Ligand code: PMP
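We begin with a single chain expressed as structure tokens, specifically the form predicted alone.
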Amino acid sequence: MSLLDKFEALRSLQMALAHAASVPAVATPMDEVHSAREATVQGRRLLLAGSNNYLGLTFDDACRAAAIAAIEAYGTGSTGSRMASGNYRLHRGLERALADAFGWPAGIVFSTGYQANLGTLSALGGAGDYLLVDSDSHASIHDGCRLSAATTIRFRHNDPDNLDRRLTRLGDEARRTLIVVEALYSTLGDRAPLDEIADIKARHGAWLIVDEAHSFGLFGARGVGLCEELDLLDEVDFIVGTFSKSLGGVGGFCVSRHAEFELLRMASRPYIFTASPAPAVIGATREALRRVLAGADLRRRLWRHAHRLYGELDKLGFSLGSTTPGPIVALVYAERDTAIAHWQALLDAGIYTNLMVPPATPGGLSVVRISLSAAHTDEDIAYILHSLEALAPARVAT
């Protein structure tokens, strides 16, 4: 027996993907990135339609200038944790700006979005507590639950009735229970029924944390997420977000309407024992946050693309992960080989998307995932639609 034998089952998947695709479909190597909408892969210039760069801010002039200015003032890295030498004025300022964006008293910045969930959930869930988690939640959420001392219970994806029944079984223990959901789920692009979940949470006296990783910057009057859009900020206890989507960087945060949340700094091991984010990241993120809060022009452009693409794909007969338009457009397939073939066909047409296959997907489905961006032009969307038209089930059927 070898320590590595357990990974042998993954070899067939690796070989199937390598045989069916002309370039690696997983961890596709980007040789050059030219803008928020274009990159070169194996000598070919491709349209990026799978980057999560929802507002296109990675190449924003002001964000890049802020990153450069931060390097000039603070150097390339902190070389220390927030509990030691890595607690710069930049970090504290971004935390205050994020908390103020929600009108809340407390906010903590983490080095990655993954660590934001890992660090928050592992610290909040103690012995005798319960974490009641949507079954389709991101790996960072499930891993944060595993690291905690709490009892983790899963409820069926986007099923308020199932959530309600599980809280009812907990009885008085519901008051020691944290409900964990995402606002916008990253694989299929479907939204959580947050209004119903908030009502159930209030009725049982539970707590609620919402991961707005893929919705921050896109929803609400000021762009701070779906909870803002649904007027639920007084009902939610904690919100987690990431810098690597709409804000165009790397990092994460958690904000809370409870001032005591600040004490989590003394209890969260992923926060305590990790080097703080690099100054360039914090500088660029602070500017990106300012851009998000200052105006809705980028959001309007993104939503125009989303409504157009969803409407046309529905006419073409594609099976979509969500019937509600959004920044994530998931083409869903029952057969892995069909998904791989369509991903390759789009790549041949010069369009990079994300291929997702089991076991990394819910329900054993295979997905070709398109991420829209405000950086995309109307012509880009037209070209994506033109390329998909030849693959459409309605076209194939005729």
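None of these values were measured; they are calculated from a predicted model. When you see a residue number, it is the position in the sequence shown, counting from 1.
Form predicted in complex with this ligand: not shown, discussed below.
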Query raised in the report: Is there a non-hydrogen atom of Arg166 within 4.5 angstroms of a non-hydrogen atom of this ligand in the model of the complex?
Result: no
**Report entry** Ala284: touches this ligand in the model of the complex, heavy atom cutoff 4.5 angstroms
**Finding:** no
Query - 4.5 angstroms heavy atom contact with this ligand in the model of the complex for Leu218 - result: no
Query - Touches this ligand in the model of the complex: Ser186 (any heavy atom, 4.5 Å) - result: yes
**Report entry** Contact assignment for this ligand in the model of the complex, among His138, Lys201, Arg291, His91, heavy atom within 4.5 Å
**Finding:** His138
Query raised in the report: Pick from Gly321, Gly251, Pro325, Gly223: which has a non-hydrogen atom within 4.5 Å of this ligand in the model of the complex?
Result: Gly251
Report summary line: The stretch from 257-265, 308-316, 74-82, 237-245 that lies within 4.5 Å of this ligand in the model of the complex, judged by heavy atoms, is 237-245
Report summary line: Of the residues spanning 107-127, the ones with some heavy atom within 4.5 Å of this ligand in the model of the complex are Thr112, Gly113, Tyr114, Asn117
